[in-house]
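There is one chain below, alone, in structure tokens, taken in the form predicted alone.
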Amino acid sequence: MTRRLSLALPSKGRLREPAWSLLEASGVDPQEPGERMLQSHCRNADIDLLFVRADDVPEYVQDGVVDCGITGLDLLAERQCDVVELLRLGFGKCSLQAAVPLEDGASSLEDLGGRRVATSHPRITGEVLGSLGIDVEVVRVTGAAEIAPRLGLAEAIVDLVSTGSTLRTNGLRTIGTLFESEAVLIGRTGSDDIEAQRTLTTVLGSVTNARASRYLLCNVRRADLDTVTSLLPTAGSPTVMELATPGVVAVHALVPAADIWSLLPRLQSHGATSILTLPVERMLP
């Protein structure tokens, strides 16, 4: 990088630890800040770190306080700041869902028409429901929205849901999804150092790509090779290597990690043996 790049990271909440873990996995060696420190740096990369609320990251990047930042896609859509989405990071996945009390008869988003809906995402809620022709009164809250129906502030809520346990604990159930979110790397529009942004995106992207993949190796009789390779969910061609055993080859391929569960028994049932999967540290397309 030609100069020091400034990067805003969430100081707390569900995105903080995964964001820090991503930096460590990328090899930039971030220096752990003290308990009250709001700034730090990376030991072997020209990157300065600033720890702020995830909610504030879009504005910090837009205003040029920092070059890049990590925040939630939902916060980016809610704030509508003038920034560039550089990379989706694959962690912090959740969804913005509408929910009502268990005893409520509503079963779909359309049933929210004419109701008061409490949320900390008033822009997304209004725009999504409005696009569906559902007219609601949006009640903006900044704390826990789950309590709003019990306090009589609203008849329903729209809130971020990952497992749904918080909704169930508070006697609520979901009736529809408005928005899908995950962590995202954003950059300043019109940055003076596009190359620095590109370098950071490439380095972090190599880790997120690798986390979503597995390196698969197996032995296959040459007579079964076409069948086995046709099962591999890979965009490129697998590597096929001759073995000392006549008529048997080794197949190497990168496959999506999400497919491993269903892929392994299918490979085995079609003649693959000595199947091995390995994690991938970094991967560039």
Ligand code: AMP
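Residues carry their position along the shown sequence, with the first being 1. In this text the structure is predicted, and so the values were computed from the model without any measurement.
Form predicted together with the named molecule: not shown, discussed below.
The partner is absent here, but in the predicted complex a heavy atom of S162, alone among T169, Q80, S162, S108, sits within 4.5 Å of the named molecule. Put simply, of R173, R116, K93, R123 only one has a heavy atom within 4.5 Å of the named molecule in the predicted complex, and it is K93.
Heavy atoms within 4.5 Å of the named molecule in the predicted complex are found in one stretch of 124-132, 201-209, 70-78, 147-155, which is 70-78. Though the partner is left out of this view, Q97 does not reach within 4.5 Å of the named molecule in the predicted complex, counting heavy atoms only. Although the partner is absent here, G13 is a contact residue: one of its heavy atoms lies within 4.5 angstroms of the named molecule in the predicted complex. The named molecule in the predicted complex comes within 4.5 Å of a heavy atom belonging to S181.
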